[in-house]
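In the block that follows, a single chain appears as structure tokens, in the form predicted on its own.
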Amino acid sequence: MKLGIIAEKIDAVLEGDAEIEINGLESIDNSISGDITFLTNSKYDEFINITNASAIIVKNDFSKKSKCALLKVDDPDKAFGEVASLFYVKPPKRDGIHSSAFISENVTIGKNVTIGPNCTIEKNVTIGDDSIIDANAFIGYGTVIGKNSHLFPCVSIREYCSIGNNVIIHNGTVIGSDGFGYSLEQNGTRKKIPQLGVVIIEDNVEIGANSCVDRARFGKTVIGKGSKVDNLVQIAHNVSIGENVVICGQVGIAGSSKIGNKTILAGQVGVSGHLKVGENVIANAQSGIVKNVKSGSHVMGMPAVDHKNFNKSYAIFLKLDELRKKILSFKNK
């Protein structure tokens, strides 16, 4: 694709030859001739004149000289995503229902639905138009799946769940497994408590591979519109996640906690049960949230505190050995 066409598609100001042929995308340090890349982090500025890329997407105010053609935009990361869409070729879609799929009675299947090999669709399931159910997926009794949703191979949706429109669920994820609920008996054993609730996944949600979203003990576990959940995430029973939330890998959210709209939980964040995390919160990686967090907060650490306070305390922590030695030197005088 000609560089000039790409610049036009992403509304970029082009500094360089519009006739350059672009063949693919790559990171700035691994690019070869014919690649387009992007630069948003100043720590990669050193690559600007040693990269082998043919073109680099940069911010509008970028002023350094470069041997590469430059495409100047407001948001290079977003623009690079738009370029990726120009080059992405979808795998061919298998149309229709595979002969090995097991489909029970009273199943409602919309138009242009694809159901792959060895899928199991239990009774009273509804699948909306243009949805794709890939190989070995399981859809439990009474579940409703909206339009244009995609379940990748080996996804399990348990009974009575609701999956919205334009939802993507990646390989191996389980929706609607039983919540972790047991009563402690007098003899020290634990007796299982029936989990009677459901899971509701709203429109435009994406859930990564091998994640688990537990059904509610009663009521519902909810993931709100537009939220994005990474691989290897545990969302427990009766959790309520707001709209446009980002939850990164290995996050664990305990039962009945509520996560506000547009909040970001970075990798390996743990949230204790029955807490409220407000809107527009950022929790840095490995934060341990053990109390309510106000909207707009930015926290880190275990237990999670304001990130500025954490950084100040950590700087002091690193100096403790030096301070100890000074105190001992005074003692020995």
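Since the structure is predicted, the reported quantities are computational estimates derived from the model, not experimental observations. Note that residue numbering begins at 1 and tracks the sequence as displayed.
A second form of this protein, the form predicted together with a further copy of the same chain, is not displayed here; the remarks below concern that form.
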Exercise. Using heavy atoms only and a 4.5 Å cut-off, determine which of 164, 224, 153, 128 is in contact with a further copy of the same chain in the predicted bound form.
Key: 153
Quiz item: Only one of 274, 294, 298, 59 has a non-hydrogen atom within 4.5 angstroms of a further copy of the same chain in the predicted bound form; which is it?
Solution: 274
Quiz item: Honest question, do 5, 42 and 146 all end up within 4.5 Å of a further copy of the same chain in the predicted bound form by heavy atom distance?
Solution: no
Quiz item: Hey, in the predicted bound form, does residue 269 get a heavy atom within 4.5 angstroms of a further copy of the same chain?
Solution: yes
Exercise. Look up in the predicted bound form whether residue 231 has a non-hydrogen atom within 4.5 angstroms of a further copy of the same chain, and give yes or no.
Key: yes
Quiz prompt | Any non-hydrogen atom of residue 248 within 4.5 angstroms of a further copy of the same chain in the predicted bound form | solution = yes
Exercise. Find out whether any non-hydrogen atom of residue 106 is located within 4.5 angstroms of a further copy of the same chain in the predicted bound form, and reply yes or no.
Key: no
Quiz item: Going by a further copy of the same chain in the predicted bound form, which residues of 125 to 157 come within 4.5 Å of it through any heavy atom?
Solution: 135, 136, 137, 138, 141, 152, 153, 154, 156
